[in-house]
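Take a look at this one chain, the form predicted on its own, written out in structure tokens.
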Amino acid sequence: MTVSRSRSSSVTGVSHQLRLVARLDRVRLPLWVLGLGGTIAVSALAVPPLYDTPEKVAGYARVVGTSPVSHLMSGRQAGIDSLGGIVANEISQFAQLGVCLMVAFLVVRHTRAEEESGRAELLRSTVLGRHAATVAGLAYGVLAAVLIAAVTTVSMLSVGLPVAGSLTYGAGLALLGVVHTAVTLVAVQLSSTARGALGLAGAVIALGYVVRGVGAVQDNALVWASPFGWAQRMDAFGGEQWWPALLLLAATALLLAASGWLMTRRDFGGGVLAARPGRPTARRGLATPFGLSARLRRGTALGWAVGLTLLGALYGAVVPSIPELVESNPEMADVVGAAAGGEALVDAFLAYIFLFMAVVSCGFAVSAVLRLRAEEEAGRAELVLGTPVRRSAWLGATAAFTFLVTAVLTVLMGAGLAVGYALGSGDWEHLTGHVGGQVAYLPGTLVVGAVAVALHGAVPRAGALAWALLAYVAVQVMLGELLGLPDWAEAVSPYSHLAEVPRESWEAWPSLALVVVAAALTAAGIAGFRRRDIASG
């Protein structure tokens, strides 16, 4: 009886914890669903009109279905010779990575981050079981994954795709999210910091994605070593099979058991992996606001650098196959507004890829700036500002480091694309031009980052609007032509004011104007920060 009471008490208060999570994320979760789910839905709706004849479907299957780069990025999608398979292949990369990253961020926020801040200890002083937060985090991650999967399934059904394939794809996507919810819970037990837990969870996501991609390229059993492969081998739209779902469920159960066992082997607030001892004396650079900002964000910056360089290389390798794909489906050229053929077509696709990667890099700029809010809420900002460090120097140093790294990321993306393109086409004469083409979009990225600075400085609680702007710009970039947005709506995106390099010649004045706007927004943010209270809006 004693053991029974102990087990019961370990999850006491789960319902209260879930209500608290729902209250805290009453805005964040809908934004995730609208942003990620909405982008998936719009993409799913936009694909069928492009492949409205058997000839176009067959052309896609012949070019993309046999492309090693496509296999690396999206795996070997079943039914690639059908409209359902094409839709699934087109959204898989974004949907699968998106749902895994979403659950990682949400679960860490309400487990490890709460322990790190000390708030979880206050809750544990009430009638709250040891495993209540973990169970609540699991339920929250499952809910988020199911919502995204439901949006995806409904989107597929709304364009007339087969019911069985749509349900199978949605189920695989949801189970993939559930598996990585459990992965994140294990990472939470291992690491003593939220950043460390996110790093571990992100590393597992990246490893699983790469392993599935390599296995798909080699067409061997390596795909079965990754949850991404298990979800895809449910073969939506290609003779559906449900037994791989058992692998996803079994992995989830094992990971949850490991998470529960690890929790009993660590101190509350600590992690199983001991933190590395620091240096006996700090480096001289840490005595400056810029040095501190660089130290706090160097790991994140390195991760983005590696990821975006590889992304550029993958997209660069795809570009040489574009003419063949468009030859089988001339309407594909309409997506990027190009004539169906010739060098102009390649330039148009390069402009589209440059712009897309520039928008992706905005994620670093926004996240790096808005991390200041967490520093304020945790009380660390007050400790720094209690020294002779001025507010303007603290926020200005973070903005300067963010913009500097953003510029470096832009160059690395261009270099990665240039190398990938050269390897795919054998043309090594345009390396500098491709790097310059990517840099041409940097002013737009700086404006998005500066919006985050302005919001944090003046109205920190409205920081989510920076993410909303990023989501809007992403949708406008990817689907603006298909959606037919009015001119005023397109003008909201800073990228709409830049020349579409390389299909258009670079113009100095629009770029200079956006740099001035970014500087003005940054200055406004610093001025607002000097006038407001710390950790208040």
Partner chain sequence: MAVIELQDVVKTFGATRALDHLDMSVVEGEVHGFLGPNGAGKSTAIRVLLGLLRTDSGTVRLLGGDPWRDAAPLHRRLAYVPGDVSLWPNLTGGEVIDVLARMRGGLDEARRSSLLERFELDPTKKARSYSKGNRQKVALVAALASRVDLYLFDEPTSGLDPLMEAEFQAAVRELREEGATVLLSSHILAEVEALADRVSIIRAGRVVQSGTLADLRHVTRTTVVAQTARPAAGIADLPGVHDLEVVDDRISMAVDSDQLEHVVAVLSGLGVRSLVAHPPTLEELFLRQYGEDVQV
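Please read these numbers as outputs of a predicted model, since none were measured by experiment. The term rigid core refers to the most C-alpha atoms you can superpose between the two forms while keeping them within 1.5 Å. Residue numbers count along the first chain shown, from 1.
Although it is not shown, the form predicted together with the partner chain is what the next lines describe.
A.B. asks: Please state whether all three residues 278, 287 and 389 have a non-hydrogen atom within 4.5 angstroms of the partner chain in the model of the complex.
C.D. replies: Yes, all three are in contact.
A.B. asks: Among 370-378, 230-238, 102-110, 180-188, which stretch sits within 4.5 Å of the partner chain in the model of the complex, heavy atoms only?
C.D. replies: After filtering at 4.5 Å, what remains is 370-378.
A.B. asks: Though the partner chain is not shown, can you say which of 193, 93, 117, 218 has a heavy atom within 4.5 Å of it in the model of the complex?
C.D. replies: Answer to the contact question: 193.
A.B. asks: Heavy atom within 4.5 Å of the partner chain in the model of the complex: which of 121, 81, 427, 382 fits that? Just give me the one.
C.D. replies: Looking at the other structure, the residue within range turns out to be 382.
A.B. asks: Even though the partner isn't displayed, in the model of the complex is residue 159 close enough to the partner chain, meaning a heavy atom within 4.5 Å?
C.D. replies: Judged by the heavy-atom cut-off of 4.5 Å, residue 159 is well away from the partner chain in the model of the complex.
A.B. asks: Evaluate residue 266 for contact with the partner chain in the model of the complex, applying a 4.5 angstroms cut-off between non-hydrogen atoms, and reply yes or no.
C.D. replies: Residue-level check for residue 266: no, no contact with the partner chain.
A.B. asks: Wondering, does residue 282 line up within 4.5 Å of the partner chain in the model of the complex on heavy atoms?
C.D. replies: Residue-level check for residue 282: yes, a contact with the partner chain.
A.B. asks: In the model of the complex, does residue 295 come within 4.5 Å of the partner chain, counting heavy atoms only?
C.D. replies: Residue 295: yes, in contact with the partner chain in the model of the complex.
A.B. asks: Superposing on the rigid core, do we see a C-alpha displacement of 2 Å or more at residue 209 between the shown form and the other one?
C.D. replies: No, the C-alpha moves less than 2 Å.
A.B. asks: Any chance the CA of residue 398 moves 2 angstroms or more between the shown form and the other one, core superposed?
C.D. replies: Yes, because once the rigid core is superposed, the C-alpha of residue 398 moves 2 Å or more between the shown form and the other one.
A.B. asks: If you line up the core, does residue 172 shift 2 angstroms or more at its C-alpha between the shown form and the other one?
C.D. replies: It does not reach a 2 Å shift.
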